[in-house]
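Below sits a lone chain in structure tokens, taken as the form predicted on its own.
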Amino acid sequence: MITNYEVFRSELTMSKEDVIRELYRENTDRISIKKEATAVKNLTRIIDSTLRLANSKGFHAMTLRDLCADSGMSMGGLYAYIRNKDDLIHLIQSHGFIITRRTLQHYTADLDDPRERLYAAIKAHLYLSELMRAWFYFSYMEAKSLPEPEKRDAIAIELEIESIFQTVIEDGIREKVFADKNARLVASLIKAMLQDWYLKRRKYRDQEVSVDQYALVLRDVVESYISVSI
């Protein structure tokens, strides 16, 4: 069970390197570098630089030459990993999706009580978006202009993440822990409130609201609607 954001940040079981390694293995048909250690190291540089540039000047304004300058890679070196910006989007999106899916599954898998599982899912998603705000912001802002294959993948993963919340709520309804509400709609509303945190970060910073406080309030709001009245 996650206690707070600092604990989450320190105990996140899958390292960034592990995720990049999985990303490399899923994209060996696109990447010409065969030495895994080298590929993982350079993919990390490419992803970090892309998110940094996208959040400072915008992904569409960013060029591959900008990416080379920021990452310290040559154009030839970069082409060993991506052929164009569509390939780059694919890598960035895949990277974030792997982390999000794994994190929610990891922190909810061993919890039997639906209330605990729902709160764990809320905190895991919220804390991950705090830790990886650049990716979450990028993914949301670029969603409309993604190439069609990546757009379909983005929609699919969005529904998959919502389904995790929906399944927990449906389990709670069956166990009569939660009231008989529209589980899919509640899951969508939870996702929207989670998005508000990383899309409107300044608003909550001005209110001096911490990520732990936001998680607690979000849980209370959701439970006040779906909990069974005594």
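One-based numbering along the sequence shown. Fair warning: this is a prediction, and the values are worked out from it, not measured in the lab.
Although it is not shown, the form predicted together with a further copy of the same chain is what the next lines describe.
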### Message
Please tell me which of S188, T167, N27, T44 lies within 4.5 Å of a further copy of the same chain in the predicted complex, judged by heavy atoms.
### Response
S188
### Message
Exactly one residue in A37, A179, A61, A69 has a non-hydrogen atom within 4.5 Å of a further copy of the same chain in the predicted complex; which is it?
### Response
A61
### Query
With a 4.5 Å heavy atom cut-off, would you call Y137 a contact of a further copy of the same chain in the predicted complex?
yes
### Task
Verify the contact flag for S163: yes if a non-hydrogen atom of it lies within 4.5 Å of a non-hydrogen atom of a further copy of the same chain in the predicted complex, no if not.
no
### Query
If you check in the predicted complex, is E158 within 4.5 Å of a further copy of the same chain, heavy atoms only?
yes
### Query
Does the 4.5 Å heavy atom contact test between S145 and a further copy of the same chain in the predicted complex come out positive?
yes
#### Entry: Interface residues of 40-69 toward a further copy of the same chain, as seen in the predicted complex [heavy atoms, 4.5 Å]
A54, N55, S56, K57, G58, H60, A61
